[in-house]
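Shown below, as structure tokens, is a lone chain in the form predicted alone; questions about how it binds or moves come after it.
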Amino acid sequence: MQSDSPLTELKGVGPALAKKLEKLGLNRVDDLLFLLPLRYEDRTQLVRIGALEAGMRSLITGEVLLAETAFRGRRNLLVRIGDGSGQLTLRFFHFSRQQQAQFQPGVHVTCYGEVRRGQKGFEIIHPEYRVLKKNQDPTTSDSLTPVYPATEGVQQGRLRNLTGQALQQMTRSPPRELLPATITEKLGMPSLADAIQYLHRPPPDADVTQILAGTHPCQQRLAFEELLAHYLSLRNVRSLAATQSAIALSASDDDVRDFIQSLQFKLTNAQQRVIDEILGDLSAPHPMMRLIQGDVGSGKTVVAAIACLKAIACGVQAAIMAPTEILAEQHWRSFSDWFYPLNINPAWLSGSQRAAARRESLEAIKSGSAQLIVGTHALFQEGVDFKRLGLVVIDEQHRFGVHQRMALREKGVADGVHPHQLVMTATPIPRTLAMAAYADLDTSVIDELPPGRQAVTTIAIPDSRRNEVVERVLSACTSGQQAYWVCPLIEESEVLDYQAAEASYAMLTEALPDLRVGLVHGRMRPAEKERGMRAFKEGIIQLLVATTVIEVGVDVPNASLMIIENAERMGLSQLHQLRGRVGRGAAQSHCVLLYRSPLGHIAKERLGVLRDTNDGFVVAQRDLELRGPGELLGARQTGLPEYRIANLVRDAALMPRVQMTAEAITRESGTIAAAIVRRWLGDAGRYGKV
């Protein structure tokens, strides 16, 4: 099987069609083999018209009895056919004169489509059909007919023809079996060629339900190899790092020890363990690539500060990148408070900076006078030159793609020396997902909360009881506590019926005239957001109405109550993140999930999980099961690989075996490992080369 063969080598594929096929991710002939059907149609047997039932998708043959044009609001072509057992109408809304002329009385046709009840009996709207020649018998398929993902300008018939050509090529030149026979035999998997052939052209007796569920051995065979390819590609990044040089940050730990002793709180055992792991990595002459997982409030930021302090003490720069300006600003303030007594002033860099301030920051970064740089993705953009970048810290890793964090890392490469890299996430990741998404990183887990922190009590209330919730806010704030009121949107939307932040702000300001109410949302200028957040942190504002911009990074110990509007529309992990903004002080904290009735099944489950547990790992596992990995890790830009066949939730049980197989293949043959990555990911290896 020639993996490099372009699609234009197939019959009927010119440049124009090739461009359309690109939208489906089809560039090579092999890509067609991995474009699996969405569903199947049974055209292996003819169904008599008299046996049809509404809702059936069936293959039918019959003689044209009548063809006429009717005007019922719009022009219709109605073709009446019969087979002796009954009659059926074929209805076309879009047709040409030539098409109409085909349906002469006495002509026999074969057609396929979904049967529905019409005004004069059963009918099929826009069926697929073939006009038979004189004395030609109708034909049926030997296998189930695939229905592929489509794109504009590419019909199903064309895709079936092209996949048919690709399958013929595969038969003449079968794909090389790259998986060890011991693995496929142990898992009861067919050969790659047999699996591909079966899934594209299943026999009539195939268990379609099992195929569509993705649990058929043929599907599992492909999913296993695809998971393996992605895992190997990420391991390539890790292996490459092991061969690269980094500055060994091995000077005395006196600065770190003094800093820890100066803190107004005692580090947890989990924090200390993770710090030891990081300091061990930083002392090596190879770049650290470590992920810190920790639930909201577990103290990841101070751990990152200690890593930065170690880097600065060793004479190199440290950079911290956050996905939003609010979170980056929070880090800038925290690090400034910690480091100012040490004569270290963090530099700030973001996309919204004024030109003069940006120039000043860029000069300080380039000259090295800025030892610690805090910012957004602006840190890895063109024009940012570091003097001697030794450590890169990336917060909320799931908001950045692999390429984005690698781009920042590459910024610091000088004379072949790479910076160390530390990434953090407050979205706990189930082990199987972490194995697939972060195989290029060593993982540390801060699995202990600071002493004295109480679990947040969570309740779900329909928004018809909004007045009670407003009274609860008044009670909390007049007793000296503060509260958040979180809304999904900034303004009212005609399309979405969410309670918008500005509308909630207006309502609460009127309903609670004795409270100091503030508003923060993503469309505000950074200075406005900064003023609002600082006023809330200092207690000037008692109730803060906000969008989900406060999801991460905001730390106000006196805030003990959070109200979340339209909680049924949000994902579990996002709700858990928001809930983590309270419960940071000594007072018992509460989270109220306001929802609009009636609740759907999944929404009810989701809110139930939040009520039952404060454990971020339990929440993450349920979110993974309910919504899938892409949603759990944030958004499309996460960099989580898009799988063609595998599904990280469905195929989680394969991951331990994938990991073992990857290690065995890497040990025995780097050539085979590279071939597996190339088969599924193409030239770039998607992650292995950045």
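Residue indices: 1-based, along the sequence shown. A quick note: this is a predicted structure, and the numbers were derived from the prediction, not measured.
What comes next is about the form predicted in complex with adenosine-5'-diphosphate (ADP), which is not displayed.
Asks: Exactly one stretch in 261-269, 115-123, 236-244, 515-523 has heavy atoms within 4.5 Å of adenosine-5'-diphosphate (ADP) in the model of the complex; which is it?
Replies: So the stretch in question is 261-269.
Asks: Only one of R358, R584, R388, R569 comes within 4.5 Å of adenosine-5'-diphosphate (ADP) in the model of the complex by heavy atoms, so just point that one out.
Replies: Flagged contact: R584.
Asks: Have a look at D142, D612, E185, D555 for me and say which one sits with a heavy atom within 4.5 Å of adenosine-5'-diphosphate (ADP) in the model of the complex.
Replies: Of the candidates D142, D612, E185, D555, D555 is the one lying within 4.5 Å of adenosine-5'-diphosphate (ADP) in the model of the complex.
Asks: Using a 4.5 Å heavy atom cut-off, state whether G297 contacts adenosine-5'-diphosphate (ADP) in the model of the complex.
Replies: Heavy-atom contact with adenosine-5'-diphosphate (ADP) at 4.5 Å: present for G297.
Asks: Should P450 be counted as a contact of adenosine-5'-diphosphate (ADP) in the model of the complex, where contact means heavy atoms within 4.5 Å?
Replies: P450 belongs to the contact set for adenosine-5'-diphosphate (ADP).
Asks: I'd like to know whether T301 contacts adenosine-5'-diphosphate (ADP) in the model of the complex, with contact meaning heavy atoms within 4.5 angstroms.
Replies: Close contact exists here: in the model of the complex, T301 approaches adenosine-5'-diphosphate (ADP) to within 4.5 Å, heavy atoms only.
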